[in-house]
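Next up, C-alpha cells for two forms of one chain, structure 1 and then structure 2.
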Structure 1
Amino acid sequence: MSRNSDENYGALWLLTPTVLLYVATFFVPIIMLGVLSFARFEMSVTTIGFYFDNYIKIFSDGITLKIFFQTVRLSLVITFWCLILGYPVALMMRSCSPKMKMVLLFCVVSPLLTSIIVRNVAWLLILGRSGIINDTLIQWGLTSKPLPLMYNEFGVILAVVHVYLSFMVLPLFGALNSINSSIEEAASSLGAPSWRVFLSITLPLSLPGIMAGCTLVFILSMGVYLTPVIMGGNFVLTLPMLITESVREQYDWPFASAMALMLLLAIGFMVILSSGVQKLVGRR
C-alpha cells in the first residue's frame, strides 16, 4: 500500500512544472485583474482599494453594456454559422474515403496554418470596394456600385467564421465518427427514411460534439480582437476592442480589468451552461 502511495506521489511531482506554469500565467493574472477591477482611477492615478466605481460605470455609462451585448450577439451568430456550415462537412468527412477525408481535413485546418494578418489581408482583397467580388459584379453588370461587404458585421462574421470553422468541425467529426453505424443501418433496415434516421439517431448521438464545438467557437469569438478591428473598422465595436482602448489610450487599467472580468464571467457562464446541457443529454 505504501509503495503505491510513493509511486503516486512521485507521479504527482511530474505535474509540478505544469502547475507552476498555470499559476504564473493564469491564476496570478486573474487575481491581479480582480484587485485592479476594484481600484479607483482619478486624474490618471490608480488607487488600490475596494471601490465599485468601475462596475457602476459599466452599468451606467450606456456604452459598455451595449457593446457587451453586441459582442455576445456577434459570438452567437458566428457560432450558429459555424454549426450550420460545419455539420455537413463533418458528415461528409465521416462517410467519404480516407484520401478525401484527408483533403477535407486539410481544407478545414488550413486557415489555422497562416498568419491572422495574412488571412485578413486576403479578405480585404476579396471583399474590398475594389476587391475581386465587387470588380466582378460591376464588370458583369450585376451592380452599378460596389457592395458594402466590409467595415460592417457581415465582413467580421465572414472572416471569423472562416477561421473558427475548424474548431466546430473537429469536435463534430469526433462525435459522429464514434457513432456505431450499425444502429443507423438497423433503423434503415426497419424502413426508417434517411431524414428520420438522422433526426432520431445521428443528431442526438452527435449532441456532445455539437455542444463542445459551440462552446469552443463561442469562447474564441468572445475574445477575438484583431479581425473585428481590420474587417469592421470603427463601425463594429466589441468588448475586447473597448478593453484595449481603455488600456492603450486612456491608461485606465481598473476599468479595463472590470470589463475583462465581465467577459470572463460571460465565458464561464457559457461553459457551465454547456456542461449542464451535456449532462442533461447524457441522462436522457
Structure 2
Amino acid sequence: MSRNSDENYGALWLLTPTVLLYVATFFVPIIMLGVLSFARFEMSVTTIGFYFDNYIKIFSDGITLKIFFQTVRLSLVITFWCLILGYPVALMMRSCSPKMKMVLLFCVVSPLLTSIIVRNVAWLLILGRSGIINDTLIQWGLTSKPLPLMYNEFGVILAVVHVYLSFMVLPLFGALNSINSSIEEAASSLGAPSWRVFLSITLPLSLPGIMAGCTLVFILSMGVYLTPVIMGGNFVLTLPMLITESVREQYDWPFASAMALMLLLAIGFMVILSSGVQKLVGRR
C-alpha cells in the first residue's frame, strides 16, 4: 500500500473479501435460482433449459396463485396493524422526556434483538389450546371449549405484528424527529386545534417515514416462514412455506425457484410503488 498512490481508488481493495464472499453466497446463488426457475422437472429429474413450465404451473395449478395472494393479503394486514400500533409510540417518543424516551427506546429496540422463536414460544403459551387465556376462561366457566386463538390467521397476524412492530417504529421516529416543531407551534398558536395540527402538518410531513416503515414491514412479512409455521400450524399457508416444502420434501428445485422469483418480483413491485408514491408526494 503505497502512500502516494491514488488515495481514492486505493481504498477500494478493502472491499475485495466481502465482494468475493457475496459473489459466492449471494450473486451466484440468486443467478442459479433464476436459471433453475426455467428448468424442467419431470419424474424427479431436473433438465436445465428454457421452459416456462414452472411459471405456467404457478398460474394454472389453482393453489399456488391463491396462496401467493393470501401471503400478499396477510402482509398488507400485518403492515396496517404495525402502522396503527407503531405510530402512537413514535409520536410519544418524540414528545416525551429524555428519560421516558430511553425507556421507550429500550422497549422498541429490545424486540429487534430478541430471538423470534422465543417470542413465538411466548405467544404459544398465551394463545394455545391450553394457554393462559383459554385456561383462565375455562376455569372461570366463561367457555367450555378452548377458543381458537391460534392455528388461524388471527394468531399468525398477532405474532408477526409483535415481531416486526419495531421495524415500523424506528423509521417513523426518524421521520417525526426531523420535523421542525416550530411549524406545529406556529399552527397551534394561530388557533389550530391539536387534531388539525396533527392531520395537516405532522402526518403529511412524516409520510417518508410511513412509506419506509410500511415497505420494510411488507417485505419482511412476505418472506416470514417461522412464525406462520408455529402460530398457524398447517392451517395458514404462505408462499415461503410452499417454497420450503417443495424443496425439502419434493426436491422440486425448478418450481421452488420460480416461486422464489415471484416473491422477489412482488417485493420489487412494492419498492418501486413506494418510491413512486414518495416522489409524487415530494413534488407537491
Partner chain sequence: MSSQEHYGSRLPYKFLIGVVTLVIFFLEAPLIILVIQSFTAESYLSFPPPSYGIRWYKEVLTSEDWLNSISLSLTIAAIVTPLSLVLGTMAAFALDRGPKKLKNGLQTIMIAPMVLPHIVLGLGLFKMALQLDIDDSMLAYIPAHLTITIPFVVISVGASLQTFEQSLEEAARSLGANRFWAVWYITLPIIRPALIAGGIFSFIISFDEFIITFFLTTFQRTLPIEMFSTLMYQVKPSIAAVSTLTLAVTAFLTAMLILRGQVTSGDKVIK
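Predicted, not measured: the structure shown is a model, and the values here were computed from it. FYI, numbering is relative to structure 1, first residue = 1. In this text, rigid core is short for the largest set of C-alphas that superpose within 1.5 Å between two forms.
The chain as displayed in structure 1 is taken from the form predicted alone. Positional change of residue 25 between the two structures reaches 2 Å or more at the C-alpha, relative to the superposed core.
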